[in-house]
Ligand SMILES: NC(=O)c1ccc[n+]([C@@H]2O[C@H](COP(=O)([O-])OP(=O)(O)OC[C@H]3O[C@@H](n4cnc5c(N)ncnc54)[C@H](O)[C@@H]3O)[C@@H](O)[C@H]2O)c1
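We begin with a single chain expressed as structure tokens, specifically the form predicted on its own.
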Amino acid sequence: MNKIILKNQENTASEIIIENNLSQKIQDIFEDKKYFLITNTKLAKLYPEILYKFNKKRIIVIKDGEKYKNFKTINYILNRLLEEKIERKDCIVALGGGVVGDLAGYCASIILRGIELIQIPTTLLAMCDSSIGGKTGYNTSYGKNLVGTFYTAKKVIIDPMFLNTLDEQNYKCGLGEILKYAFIEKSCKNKKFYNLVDFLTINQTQDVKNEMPYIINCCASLKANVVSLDKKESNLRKILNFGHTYAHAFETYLNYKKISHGQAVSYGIKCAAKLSFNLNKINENYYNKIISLIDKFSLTDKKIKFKKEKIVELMTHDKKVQNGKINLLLPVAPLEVELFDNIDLPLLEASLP
């Protein structure tokens, strides 16, 4: 078992536990209290043995997909929890990927003004990123994750065995976030240096797949360190949005179809790298290294056309916009990024695919 401690600013801590077959030991990990399980239709069919461990009346199954990450689903979950007389001493368990985790986390943060939360991520993206750090929320027609809270789970139970049932699309989705961590590692202020860029460059794609427990641990450690230093994204934590300002605009434009979140992030990283190179922030060698590593895993191989002026307009709705200015994280050196808010619009448009 590998355990990572995420220190919160309220002098409390949450545990990130990584171990194969951990999901089979759920009852050993849980305490003597009422648990409400939130999952989706796909996982309910894949893992009935896990659902069997919960009271049927306290299992809430939602539809699978990013398009269901909306207020309608939130309202459904809240009503189900209240119907079953949830109490403040109870606990919500999120079994799923980023959509389930964000929705369950948001509901846990607001119902009865906050009850305990446990995350059991089942996708690569959720294991490496979204289940850690307490960001919750849902999407609106104006953009992604514009309504939400910061609410850290008491425990994050990561079982890499869930990846055995992960399809290629979701695997690539997780790879996009992994590359994000690789390109920002020196900015994460973590004491241990992993050099994920070289690791991913040197190893064959199948070898990378086989080393996922190690990679998950690297990413989880990097994120836990950043969040421990900046829980509510007032400063350092903004680096975790590398590629995301572009990505969220792409996803909203495409109505969360055609590409996954991780692939959208990969497109966003390419755009940020191109903009940085055009601004002379990085040299040609590092720019090519970023592009070739993304291409190695075929993360941006879909030919998608965007209306550039619409993408820029959508980027103005991003959470990081301040005083009407789009804030963008750009690479400035190998494995380092910085935030810029004075980007010329023609240069911004020129960076888009």
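Everything quoted here is computed from the prediction, not taken from an experiment. Numbers follow the displayed sequence, beginning with 1. Take the two forms, superpose them, and find the largest set of C-alpha atoms that agree within 1.5 Å; that set is the rigid core.
Here the subject shifts to the form predicted together with this ligand, a form of this protein not shown in this document.
Q: Taking 4.5 angstroms as the heavy atom distance cut-off, pick the stretch from 296 to 304, 29 to 37, 43 to 51, 281 to 289 that is near this ligand in the model of the complex.
A: In the other structure, the partner sits against 43 to 51.
Q: I'd like to check something about T165: if you look in the model of the complex, is any of its heavy atoms closer than or equal to 4.5 Å to a heavy atom of this ligand?
A: Flag for T165 set to yes.
Q: Tell me, yes or no, whether T73 is in contact with this ligand in the model of the complex, where a contact means a heavy atom of each within 4.5 Å.
A: Flag for T73 set to no.
Q: Considering non-hydrogen atoms and a 4.5 Å limit, does this ligand approach C173 in the model of the complex?
A: Yes, C173 sits close enough to this ligand in the model of the complex that at least one of its heavy atoms falls within 4.5 Å.
Q: Test of understanding: in the model of the complex, would S276 fall inside 4.5 Å of this ligand by heavy atoms?
A: No, S276 sits far enough from this ligand in the model of the complex that none of its heavy atoms falls within 4.5 Å.
Q: Is it true that K69, V99 and L125, all three, sit within 4.5 Å of this ligand in the model of the complex, judged by heavy atoms?
A: Verified in the model of the complex; spot residues all in contact, yes.
Q: Tell me, out of N217, N225, N145, T245, which residue has a non-hydrogen atom within 4.5 angstroms of this ligand in the model of the complex.
A: Contact with this ligand in the model of the complex is made by N145 alone.
Q: Rigid core fitted, then: does Y256 show a CA shift of 2 angstroms or greater between the shown form and the other one?
A: The answer is yes, as the C-alpha of Y256 shifts between the shown form and the other one by 2 Å or more after core alignment.
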